[in-house]
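Listed next as structure tokens is one chain, alone, in the form predicted on its own.
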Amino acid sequence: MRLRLSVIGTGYLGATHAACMSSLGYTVVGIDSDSEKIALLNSGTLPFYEPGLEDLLKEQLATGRLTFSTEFSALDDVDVHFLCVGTPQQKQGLAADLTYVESSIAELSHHLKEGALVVGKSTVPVGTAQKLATTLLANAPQSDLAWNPEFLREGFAIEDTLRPNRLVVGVTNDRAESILREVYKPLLEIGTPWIRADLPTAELVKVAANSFLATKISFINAMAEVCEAAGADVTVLAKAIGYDPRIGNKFLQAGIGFGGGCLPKDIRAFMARADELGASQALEFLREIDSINLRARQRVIDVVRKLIGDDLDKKTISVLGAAFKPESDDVRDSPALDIAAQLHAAGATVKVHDPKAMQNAKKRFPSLIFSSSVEECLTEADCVLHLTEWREYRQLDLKRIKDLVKYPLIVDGRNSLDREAWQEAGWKFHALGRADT
């Protein structure tokens, strides 16, 4: 008899994990306190955008293996429970808010059958798992807890779940590892590396990985600042150092920095936890990483002022992109949307277009003008900002859209557009970290 699985929390991580585990042949029930979200999921509709996931959701619902519920009582006969609830940054301070994690564990502990395994996937401060294990043992002494961090990239969630580049499991005994090996057997059979760790190491892996990625992004953005001052080209610099196998070319695209629901809050929570542990100096560099990242956004605003004048009143600025990255509708801590809002606050008329994130962006900043088409967004613009590297923005008819704007000026905040093509079409082109030509 195959193991029965549950997923607690059906946000981006949980919904993805539930559908993917069902596609491996498991019976899966997803639990969430949000009845509206559960109704959407049971109808085959995602409350967010992720390429291919809605089709997979509908396919798995049709098999009867996948269901969603608001009732923890639906978990009474489940063997393995995956904890996938959010850990947002606290409103006061940098630390992670563990409210949802702690309340879920407390409720779940009353619905665990003997021998059940609880597997944390949420990103939590190191030491959290051990505290949760204590709560579990108090109410369900025959249960066990493991930690299995997620490494999903928005836009590639299905691939990262079903064909991950590694599986990290934090366990305290062989039985827990054995159960997880059974759950992930289909992934191990395709050669996925398996790393057994203790609980604190497993908790640290995710935040350490995100801190390293954030460091690479902020490093190349710092180099972009130097390149601008020196008249150098950061794209050529990045290409040159990327050939060094010790460095690699991933995450070396200079621009407006990182955002989203993971990297910013994870590095801040990591700093807060290190401070609690008396190891704050070890992560002091992350403060500068965060600062460089936020400064990249301000640099775009400075560039706009330099190009069209300090007084932004009566200026129309078109912003291409609102999501923090392409193939996503996530606007949490989005550099693109932050820049748009700051320009609006400075007096500019700001029009925004995004293929998928418009509704979320409107909720966040309703005072901005949201255009249903690129053409509408560009009409009568004094300056165009390219801030999210959607493919469709690289495929625009440059000569045709030139006739729409008031002045053909493009600022490439992601260094992903073809500068020569834009210039040949009659546009003035500016990119961060590159001298104007």
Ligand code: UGA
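Start at 1 with the first residue shown and count on from there. Note that the structure is predicted; figures quoted are calculated from it, not measured.
This protein has a second form, the form predicted in complex with the ligand, left out of what is shown; the following refers to that one.
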Please pick, from Gln253, Thr215, Ser143, Thr316, the one residue with any non-hydrogen atom lying within 4.5 angstroms of the ligand in the predicted complex.
Gln253
Can you pick out, from Arg299, Arg268, Lys356, Lys206, the residue that has a heavy atom within 4.5 Å of the ligand in the predicted complex?
Lys206
Answer for Phe151 alone: is it within 4.5 Å of the ligand in the predicted complex, judged on heavy atom distances?
yes
Examine His111 and determine whether its closest non-hydrogen atom to the ligand in the predicted complex is within 4.5 angstroms.
no
Partner proximity in the predicted complex: Trp147 to the ligand, non-hydrogen atom cutoff 4.5 Å:
no
So in the predicted complex, is the ligand close enough to Thr161 to count as touching (4.5 Å, heavy atoms)?
no
So if I measure heavy atom distances to the ligand in the predicted complex, which of the stretches 253 to 261, 99 to 107, 132 to 140, 185 to 193 falls within 4.5 Å?
253 to 261
Determine the residues of 317 to 354 with a heavy atom within 4.5 Å of the ligand in the predicted complex and present them in sequence order; the list may be empty.
Phe324, Lys325
